[in-house]
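Next comes just one chain, in structure tokens: the form predicted alone.
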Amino acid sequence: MASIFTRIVNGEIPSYKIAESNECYAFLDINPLAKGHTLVIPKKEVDYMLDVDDELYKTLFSFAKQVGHAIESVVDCKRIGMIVFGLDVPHAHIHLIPINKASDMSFSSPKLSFSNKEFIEIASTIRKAFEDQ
């Protein structure tokens, strides 16, 4: 059975898309820790990050770096934190989280809530920054 992320890539489930390449897809986390919290995934479904083949691994992290720069350029933060958590969805993924302190990356923190309109605006702003790089 396809993971929820594979279903997003296939267009079966909507997402707030940030960027896409032949191998990777980036979209806003719908339960964000911060404004601009983005997930970056390989389009190929691989459960565990350490099982991603070497070429795709390099491509994925390079793509995540580009997406991170785009987020950083439009969201007020000191840095973009990157974390590979990997237990919640059986599909390798990287969290890109705008942070000002280490505790901003705590998954036990309350999640933010945005309206559909706000998610669309955030995604659009980051997507434009990504395209303008």
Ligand code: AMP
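This structure is a prediction, so every number in the text was calculated from the model and none was measured. Numbers follow the displayed sequence, beginning with 1.
The following text describes the form predicted in complex with the ligand, which does not appear among the structures shown.
Problem - Listed residue (V74, I30, L56, M82) with a non-hydrogen atom within 4.5 angstroms of the ligand in the predicted bound form - result: It is I30.
Problem - Exercise: F5 in contact with the ligand in the predicted bound form, heavy atom 4.5 Å - result: Heavy-atom contact with the ligand at 4.5 Å: present for F5.
Problem - in the predicted bound form, L39 touching the ligand (heavy atom, 4.5 Å) - result: L39: yes, in contact with the ligand in the predicted bound form.
Exercise for the section: Decide whether D51 counts as a contact residue for the ligand in the predicted bound form under a heavy atom distance cut-off of 4.5 Å. Expected result: Taking the distances in the predicted bound form, the answer for D51 is no, it never comes within 4.5 Å of the ligand.
Practice task
Indicate whether M105 is a 4.5 Å heavy atom neighbour of the ligand in the predicted bound form.
Solution key: M105: no contact with the ligand in the predicted bound form.
Problem - Stretch 63 to 90: residues contacting the ligand in the predicted bound form, 4.5 Å heavy atom cut-off - result: F85, G86, L87, D88, V89, in sequence order.
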